[in-house]
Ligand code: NAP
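Only one chain is shown below, in structure tokens, and it's the form predicted alone.
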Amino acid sequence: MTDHDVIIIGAGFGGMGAAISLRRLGYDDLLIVEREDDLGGTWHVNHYPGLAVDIASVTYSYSFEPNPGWQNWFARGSELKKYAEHVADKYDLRRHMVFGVSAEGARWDEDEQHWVVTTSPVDGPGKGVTTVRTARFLMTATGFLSQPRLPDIDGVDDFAGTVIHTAKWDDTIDLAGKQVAVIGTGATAVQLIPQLAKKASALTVFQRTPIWVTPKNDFRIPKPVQALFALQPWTQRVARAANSAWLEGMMVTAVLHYKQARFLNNGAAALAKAHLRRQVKDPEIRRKLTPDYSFGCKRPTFSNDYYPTFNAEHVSLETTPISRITPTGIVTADGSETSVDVLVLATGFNLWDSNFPAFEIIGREGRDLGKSWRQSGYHAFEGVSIPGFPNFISLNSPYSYSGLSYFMTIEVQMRHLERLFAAMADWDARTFEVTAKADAEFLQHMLERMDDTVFLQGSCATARSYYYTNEGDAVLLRPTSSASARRAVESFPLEDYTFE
């Protein structure tokens, strides 16, 4: 006997999607372990000023659970948080969740044919005290954008002012009249910097790598349209399909099929450059804000107010490398120092050291998943399963991310586990494990398709993108269309797995 049928690590949209699929299949003894103090994953951890999704709301949601009440075409962070709470309540997922508990490790017990998972409270009197739980199945949904990356800069710990990372934002801080410095110019910074400029007396943005920014067609969704979505759900499905087709046709094709559709990539870059020319007056600032890598090597973003921020007299763009941080400011390589009261770290998230996997996972014959990936290369069959790890589903795996909306990925993975678990029930099996042959063939297919992408065909050397592993391989995105991923999840042979 085990403590649970399934243990899911992570209560974001990926973990909740897996739980919904399992509930559909008749599994009710689920445990969802969440490190934070509430559900929502990225949309609970992040709440900095200006936070919004950069995919249209009609697409950035479960297709089976549309939200006719989206207030903005690009939902604000608070809307996504409320949507996550709605999903958890409607599908009765909260009773399966425990919060403030961190997964420390998991080990496959070959004799008992189950997973042994060690957890401990994050805070409080029980911090450091471990609990051991067992489950037939283990699923990890630990997310990409929740573990902050701290900059490796000399003196950062000596800074005497206030330091805030965007993933640990302090809503009580008053920036009025303060000298603020931002390190980083990724998608998060693009949303945050215009908001900081409204309050700070002086704002200095330290940029290492510029980002491609295109216009953002954002607007408040009128009440009559919300009513139409609610009364005629097919209209929202049409809006979703149209937006998804545009994303797939323009953005995804320009990146993943760069070899065949370089004109689309060049067109997207030209659109971003024209957007920059219209919005920034100073030619030197425009030069600094123009990326020198191909569009798509690093995740691009949308904004109408990021570029104009640099026209303000109290906003400065600094591209000289940072030498060190002092108790009162930032010193660049040319020896100049900028006085700083508040230091904002928009330095992104640690994917490849902390999230692949997010904790130690030991499979059959003592195989360590993290060490195996780092030593032998990253791979996962259809982005969900790995040979040597029975009854294990990794929802954040190499080649898992399909399309621009994370929900495309989630729903493909939900369908994968539904087919897999249904087959187990049909064959009265207790364990499943993907074959090494199927995994190797899938990896080879991904590598062949990767040859079409901007990551190999474009100029990406200076992008410094989180798409790349520490070893320099682009393994995060699945180099196929979302439609291809959906076809594959319906057609992969169940014989690619062994059932016992």
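In case it trips you up, residue 1 is the first one in the sequence shown, and so on. Treat the numbers as computed from the prediction; the structure is a model and nothing was measured.
Omitted here: the form predicted together with this ligand. The next part is about that form.
Using a 4.5 angstroms limit between non-hydrogen atoms, Y48 touches this ligand in the model of the complex. Although the partner is absent from this view, R449 stays clear of this ligand in the model of the complex, with no non-hydrogen atom inside 4.5 angstroms.
In the model of the complex, none of the heavy atoms of H379 sits within 4.5 Å of a heavy atom of this ligand. Contact check for T409: no non-hydrogen atom falls within 4.5 Å of this ligand in the model of the complex. Here the chain stands by itself, but in the model of the complex one stretch of 270 to 278, 242 to 250, 177 to 185, 420 to 428, 177 to 185, has heavy atoms within 4.5 Å of this ligand. Scanning L30, V53, L443, C460 against this ligand in the model of the complex with a 4.5 Å heavy atom cut-off leaves one residue, V53. None of G370, G388, G348, P121 but one reaches within 4.5 angstroms of this ligand in the model of the complex through a heavy atom, and that residue is G348. Scanning 463 to 478 for heavy atoms within 4.5 Å of this ligand in the model of the complex gives R464, Y466 in sequence order.
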